[in-house]
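There is one chain below, alone, in structure tokens, taken in the form predicted on its own.
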């Protein structure tokens, strides 16, 4: 298959579909890959061209606890409504509902386990199709704004279980803005209209120079409604059964086949005015046949109060932003994302609300934006360091490893010279090498350090941290300079226990961690503002 190509990737785990994106460093662009039998193509048009987007339906089916099918495999086998099938997993995780379901082999699985297994398979296929080393790649996951803490806690645990060392989170609204290739300026206000399979979420967000928690946008107003693509599917399914004079309870044996037809009709009517359908379930003899017109679907949605709910959700989001001094006139663009946003009548309603609507990336904007978020082109939005950076050390008393923080998250850069100072001492006579290994900490957990301190090294040149203090590490670390380690060489050799080197760190305007090393014995400067690693 060749060597690894992608070091950065993003996963947009959606209620209905999941998108995986990779950053191509050579092309300086986001790329998507299809996986045979797993992805399902969706299409959108832009500038007269039709673009094909490989989506993975958010479905997993357990033949038994250790044999699963995911994505399009489940749909092709018509297993989505069978015992052992899980869909709408994200909605259940966001609600915190842990419900055990029996599998065909008698074992039990809940939605949290199913979602974890689904993501594991998605990442496996992503690694194969994209030629990416997932465990060592930088992976961004998108998260709903309103469930940032609970959802990221679950995702963090899932990443650790799957062995992902370097992961980041970005809220879906911010990712959508990044993904629409919009030229961003601090102060710009956008409305993000996210209408997917499970919910409608409208967010009024502003690009900010000073952001917290690593986000590039501040949410000024938000409103949601529990309607989505699956809601419409249910209404349309009931309408088709009613036309065929078939009771819902009688249609259960054919429900998987009929629901597949319902989804096809709904999607087809987004681009056409009518759709003929004729589907028969062999075992039961039940049949659905006829023609469904777009106008009939719109009448059905009107009858169900669908358009009223959409309009009211838009109004509520803007009402909340007005409380913060931002009204509709301040909104630069309204960005549509999610498959349900592609319904023509929904576009017309939104266009009557805002004069500048963009809708050409409904399926991949969030994944693309999350992938761009990992790159240097987004860094201009931030004026601070987004993660903790530390030196790994060994606590001899506690007999465990620690991380001594050098640069905590939230640090403004460029910092002053000698932002952090340390003195180095050897643990034995005739010690020659001292290693400086820099780790990125994805969660808080490093031992706090003041402006200065003392660290020592063991027989192998590894740092030994021995202050007798408490604390530990409860996060996830990534060795930043593993491929290009930094060593300080003592010449003449160091004496055990004696302070030998003075080391100072700073962060420059390009976000490089720079180190200056002075030999306290010879008074020589061994490193002068040397760039060790680039921070984020």
Ligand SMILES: Nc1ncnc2c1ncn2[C@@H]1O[C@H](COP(=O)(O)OP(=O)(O)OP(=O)(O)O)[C@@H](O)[C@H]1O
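Note that the structure is predicted; figures quoted are calculated from it, not measured. Positions refer to the first chain, counted from 1.
Below, we turn to the form predicted in complex with this ligand, even though it does not appear here.
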| property | result |
| --- | --- |
| Of 439, 111, 292, 363, the one that lies within 4.5 Å of this ligand in the predicted complex (heavy atoms) | 363 |
| Of 71, 130, 198, 84, the one that lies within 4.5 Å of this ligand in the predicted complex (heavy atoms) | 198 |
| Listed range touching this ligand, judged in the predicted complex by heavy atoms within 4.5 Å, from 160-168, 222-230, 121-129, 303-311 | 222-230 |
| Close approach of residue 267 to this ligand in the predicted complex, 4.5 Å, heavy atom | yes |
| Touches this ligand in the predicted complex: residue 298 (any heavy atom, 4.5 Å) | no |
| Partner contact for residue 173 in the predicted complex: this ligand, 4.5 angstroms, heavy atom | no |
| Heavy atom of residue 194 within 4.5 Å of this ligand in the predicted complex | yes |
| In the predicted complex: members of 337-353 within 4.5 Å of this ligand, any heavy atom | 338, 339, 340, 342, 343 |
